[in-house]
Structure formats: C-alpha cells, structure tokens
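Okay, so we've got the same protein chain twice, two forms, each given alone as structure tokens, structure 1 and structure 2.
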Structure 1
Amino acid sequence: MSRPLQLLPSLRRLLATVARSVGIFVPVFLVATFVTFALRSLSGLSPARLQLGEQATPEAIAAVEGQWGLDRPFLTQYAAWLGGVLRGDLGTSWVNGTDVATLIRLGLGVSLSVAALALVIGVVGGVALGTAAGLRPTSRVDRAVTALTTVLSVLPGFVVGIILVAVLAVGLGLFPSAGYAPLTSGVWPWLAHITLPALALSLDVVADVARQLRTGLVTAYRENYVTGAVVRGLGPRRILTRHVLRNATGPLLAVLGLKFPSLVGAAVVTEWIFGLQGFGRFANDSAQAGDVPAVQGVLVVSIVLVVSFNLVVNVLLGRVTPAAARGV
C-alpha cells in the first residue's frame, strides 16, 4: 500500500477530531458570549456613571448611554456586539475610550510569553520527576518525588515569586527584578525578564504533570499489552517509549489543556510582584474600574484561549493515545 493511502485513515481521524471540537466550540462560544454580554445589564453599570459620577441627572445619563448605543433593545445590542467580536472588534473602553482589542493585545503578549515558558519548565520538570517515580513505584525515589510534588503544589506562587526576587534578582543580580522586554528587543532581554515569573508559575505545573505521569505509568505497566511485549522479547526501553508512554500521557495532556489558559489569566499577584502589565492584571484592573467592555473582551479572549488550546490537546490525544483516536 502506498504511503498516501496509509495516511488517509490518520487524516480522517484528525479531521473527525477537529470537527467534533468545532461542533462543541460553536454552541459553547455562543452561550458564553451571550452570558458575557449580559454582564452589563446584570451589573447595572453604565458609562454615564463612570464619566459623570453618581450625582448625574437622568437626562445626562440617558444622553451618554445613547452615545454608546445602550438605549437600543438588548438583542439588537448583542447582535451588533457579536458581529464586532467576530471581526476582531471588542468595543471601546468606558474608562479611557481606547480600543479594547488593542489594550488586551498589549497585555496578552506579556502573559503568553510568561505562560509559555512556565509550561515548558513545568512539562520538562514534571516529566523528569514523574518518569523517575513511575518507573520505580513504592521506592525511595517514588516517595521523595511524591513528597516534593506535594510541597510544590501547596507553595503559593506569590511567595515563590518574592523569594526568587530576593535571592536571584536582588541578592545575586542574575535577573531583572521587575519589568518586561518584548522579543523585538532581543532574545536574552526577553528571556531574562520572563524567567523568574515563569519559574514562580511553573511549580504547580511541575507537580501536576509529575503526579499525572507517575499514575499513568504505574497503571500502564499493569496492562496486558506490556506483558505481551515482554513475552515477545522487547527491551524495557522500547516498551517504555513505544507502548507505555503513549497510553500514560493521556491524562497528562488533559491536565495541560486546563493549565495553559489558567497560567495566562490567573497570574494577577505574580504580575504585580514582577511589575508586569499582563493580561491577568488588565482583567483585574478593568473589573475594579467597572469597565464592562474591557471585562467582556477579557472573557471573550479567555474563552477563545481555552477552546483553542483544548482543540490542540484533543488533536494531540488523537495522535498519541489509541483510545482517544477511536473517540473513546
């Protein structure tokens, strides 16, 4: 059989996985955006209150809300807003009149840089620890890894961040203590500014990845196909790389599907410690200011990030684990 014909089943499985994910994404996106847009009506907030103060007259409030199009029927407003979202227009900030998409893009670049490096550190460290523990269950190595991951999982990121700043930035002067340098300024300045916050955020990822991989390896080694591989004379290294790891990484990938979006948006305190104007800090500032269009934009981008990253994870699961490829 020719190679193109051999690739057809894999391509069909890939397309089926993408189609299932998109089929889930569309209704979830519509429901989530509807609820997101309803925030203004539910909150009772108004741009007139922010611009004119609490003592504004009803006539002045009506005039400002008319300028923002808030006097139209709710569904008409939602349809116009959703159309803008689909075109990449997330509206205008009530606080400073700036395009929300521009503000989010500035903060998202910072947070994506930190989150990506934190994920890389977490995966590399977690895979190393999880493999060491999973290959020697109930041994001293396993117990040591279990104790270490327990400690890492309960350490607050802001505490780790403060320690890293005090020791590596202030004490040893190895890294900048605060601020951000874009990638356009050079790879080293960019890495130097994101390494400490990424380390602070990566510890929980290390712990989760190590625990999931350790459990997956122990479970996989108990399966009948491993016994069959041993009977056929396959070596331990080949059994691990060709059979065990493929089935043990399923739960690990599922965890990573949830971790990356949370790293992008949930690092408010860490961003404060390292002086980063990131996505999480922008979301927090917008919520405190009552800037509804900015909060709505943040939620929309968060939804897209979660669904997109989970789509990537589902595709990887379909390629790596046999059960996922069959849609199990």
Structure 2
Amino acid sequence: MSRPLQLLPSLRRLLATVARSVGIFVPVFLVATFVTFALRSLSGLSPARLQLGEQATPEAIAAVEGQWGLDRPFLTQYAAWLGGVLRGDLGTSWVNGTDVATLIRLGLGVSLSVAALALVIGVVGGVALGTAAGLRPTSRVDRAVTALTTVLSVLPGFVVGIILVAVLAVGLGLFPSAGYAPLTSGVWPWLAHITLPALALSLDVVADVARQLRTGLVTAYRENYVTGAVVRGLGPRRILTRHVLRNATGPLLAVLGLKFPSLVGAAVVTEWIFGLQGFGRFANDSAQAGDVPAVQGVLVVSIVLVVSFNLVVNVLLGRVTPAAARGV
C-alpha cells in the first residue's frame, strides 16, 4: 500500500507553497525584529529616566537598568527578547509595568475590525468599479472610473478622515464622530463606529483594486482563450465569471498583499482622528512617552500581521492561479 509520506498531490502542493512563503518571510521577520530591537540602543532611552526623573544618580540608574536586564551584552538581550516574542511574551511596559501583550490585545480588536471592514469595502468597491470600467474600455463609464480612481489615490487617508468627520459626523450627525463599541454591544453600534475610519482607509484600496482589475480585464479580453471560449459558444456571462475574472484574481490578491501593510500602518492616523483606542493609537502614545518595550511589541505584532496576511495571500494565489504559485 501507500507509504505514509505519500500525500494527496493538492495537499503536497499546498505544503510546498507554505514552505516557500515561510522561506521568504523568515528573513523579513528576522531583519524587522532585529531593527525593532536595536531601537532601544539607538534611542538611548532607559526605564530609569522614566521612573527616576532627570536628577537620578548614576548608581540609581545602573541599579534600575540592572533590574531590567539592560546591563547584559546586546546580543544576549536580543536573544532573550526574541525567545520571549516567539513564546508570545512581549515584555513589560516601562511606564506602568503591565504586560505589553495584554495591552496590545485590548486594542487589536478595534484595529482589526477597522482593517477588515476597510478590506471588504476596498474589494467590493474596487471590483465593482474595475469591472464596470474594464468591460467597456474608453466608454464614458471607463473615463469616469479612471478619473475617480485618480482622485481617490491622491487623497491622503487623514485628509479623507477629516472630511468624513466634518461632513458625515459633525455636519450631518449620521455617525458618531469618535469612540468604539465592541461587537458584543450589538452589530449596529459596532458598524456605526468603525464605518467612517474603515471608509477613510479603504479609498486607496478601492482605487488600486479598480485599476488593477480594469487593466486585467482589458488585457484578458484580448487573449486567445477568450476568443476560443466565444468560438465554443459560451455566453458572455460565463466567459466573464469562469475565465476572465478567475484569471484577474491572481494580480488582485497580489495588490491586496501589497496594500495590507499600509492599511495596518495608517491605523496610527485614523485611530487618532476617530478617537479609537486601537493598537495604532497605543503605538503613537507609547512612542511619544518613550515606552520602548510597548513600541517594540506593537511593531512586532504589526510585522506578524503583515507576514501572516501575505502567507494567506500566497496560499490563495497558489490555489487560484497554479502558475503563479512559484512566484512571490
């Protein structure tokens, strides 16, 4: 009978994709965490300054730094910290001595809700606009979509955020202008609080998805397989959904993979505008307070988010377009 290692071909392909993606992202993770960790040495910040103030004696500073293990060699500290990170231990805040991982978990729900909704709006809006434009290139619809995506892509997220607050929240009173309601308090309050920030984040995604899909559709309709499908007598709807859109999905996923980091990063600004206590706000507050372990924790979490999102994108890419599985 079959040997234990002989897996189903599809499962083996999936594992190969995952292994390849991990191979790409391990160096990224190591470089990023090393830079993150080196920040403390570069900044010259110390918990002693936060706890003892400016007039502390050198002995007192040395004692506090010894407590935090900061008198050890740099690489020893890095190894210990990285070991903790891999076990999910992000260290302790210098400001209030709380576990950093706990603090970040508190804000992550807000940030992920907003990012997920922004992705949904971005994909739905972008696919609708892109398909409308790509099906009839050079038509009036196409030109309108092109103009719209051009405008959307030059509007910085924080400008959009302020306009949304000014018009929809303060002006018309349709949405709350600040704050967050967790999902447990009901779907509607939750949606009402995250819609505007998600909208502010999503416009850039809408523009990029729409452009990519438009270009994808226009080039796909010139391909031989479309002509072949027409000759075989397939209807336009079937050609669009089964052949053209399926082929356009790959580049679309790649665009989302590239967009995701900026979606996570922009949380710093949107959460400030909309008064959300997410992890972007936490990063900003901690950074301005000089709380190095907290900042390092947020950065590590953001790297993990980006890396795992790209991992999922790569696996999906492998399934949708097997030919692209070999690329990044």
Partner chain sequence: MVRRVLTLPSGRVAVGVLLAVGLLALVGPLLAPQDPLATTTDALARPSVQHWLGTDSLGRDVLSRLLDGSRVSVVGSLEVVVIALVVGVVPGILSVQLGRVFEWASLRIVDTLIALPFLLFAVAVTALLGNGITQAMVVTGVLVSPLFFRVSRAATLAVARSAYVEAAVISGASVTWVARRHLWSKVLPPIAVAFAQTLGVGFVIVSSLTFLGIGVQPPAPTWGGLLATSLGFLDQQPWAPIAPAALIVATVWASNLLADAIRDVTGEAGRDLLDRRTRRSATAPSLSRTGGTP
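Values in this document were obtained by computation on a predicted structure and should not be read as measured data. Whichever C-alpha set is largest while still superposing within 1.5 Å between the two forms counts as the rigid core. Residue 1 is the first residue of structure 1, and the numbers go on in sequence order from there.
Structures 1 and 2, same chain in two forms; the form predicted in complex with the partner chain is found in structure 2. A displacement of 2 angstroms or greater separates the C-alpha positions of G157 between structure 1 and structure 2, with the rigid core held in common. In a rigid-core overlay of the protein, L258 has its C-alpha displaced by at least 2 Å between structure 1 and structure 2.
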